[in-house]
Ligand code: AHG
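Let's start with one chain on its own, the form predicted alone, as structure tokens.
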């Protein structure tokens, strides 16, 4: 693949990336019933990988690296980037993917999804280098939330009887509701630091618990109803669980574009400087007031 022309419309590259993601979604979803077992391998973060993770990764890698204007493909399941032939930051983009967020939910048949970040810089990079981000949610309906400089929109992905895939916008300007209703906090409660535990006790008296074990599903609840999602720093894992490049940055970009806030407890997630492409980070996202209270509680 050659470098895109200097005057290539950046918006068209971003749309082509999300077209590619949408095209794979029905195939990923249809293949999940037969891939609910562990693959016997570990990913670059040392975690056991489900067969569904590997299948989704291969489909998305093939689809995204075929997009003219994509220079590299980086996945949570791969140690290094795949060179797609373009010079990232010089007319081509790097695309970071969590192919199947929440894949541990395969066994219990709960929600999961795909997280996408489109960076105008080689990875590792900060979230300020994102030009767009989104996620697919494999819920009762297959939806895709996309954020770019124009705002945040929600789409429904459907496959017609002839096999063609369509994207239909159902919410053109998605913003967090002013009155938050829900919260979802990850990690084992005994592993939470005392300051976060105290904050959680306050929040559970105010909001309704919505936690399903897949970040995309829990964040989607926050975007729909308002509230806060957190996978905090833990006593035995102060860096948290979520990967900055593949999960935290894209989700932070989406939530901030929808009028919310995102932090690692001290710093806006989009300003966190990574050392490596598989860096982990605590993540707290949601309505601005709730996130500000969280930062104060952790200070």
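Positions refer to the first chain, counted from 1. Worth saying up front: this structure is predicted, and the values here are computed from it rather than measured.
Absent from the display: the form predicted in complex with the ligand. The rest refers to it.
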Worksheet item: Can any non-hydrogen atom of residue 102 be found within 4.5 angstroms of the ligand in the model of the complex?
Response: yes
With the partner left out of view, is residue 54 within 4.5 angstroms of the ligand in the model of the complex by any non-hydrogen atom? no
*Might residue 81 be said to contact the ligand in the model of the complex, defining contact as any heavy atom within 4.5 Å?*
no
* To do: Report whether the minimum heavy atom distance between residue 139 and the ligand in the model of the complex is within 4.5 Å.
  => no
Within 4.5 Å of the ligand in the model of the complex, heavy atom basis, the matching stretch of 62-70, 226-234, 25-33, 259-267 is 226-234
If we test each of 151, 85, 177, 213 for a heavy atom within 4.5 Å of the ligand in the model of the complex, the one that passes is 213
Checked 228-256 against the ligand in the model of the complex; residues with a heavy atom within 4.5 Å, sequence order, are 229, 231, 241, 242, 243, 247
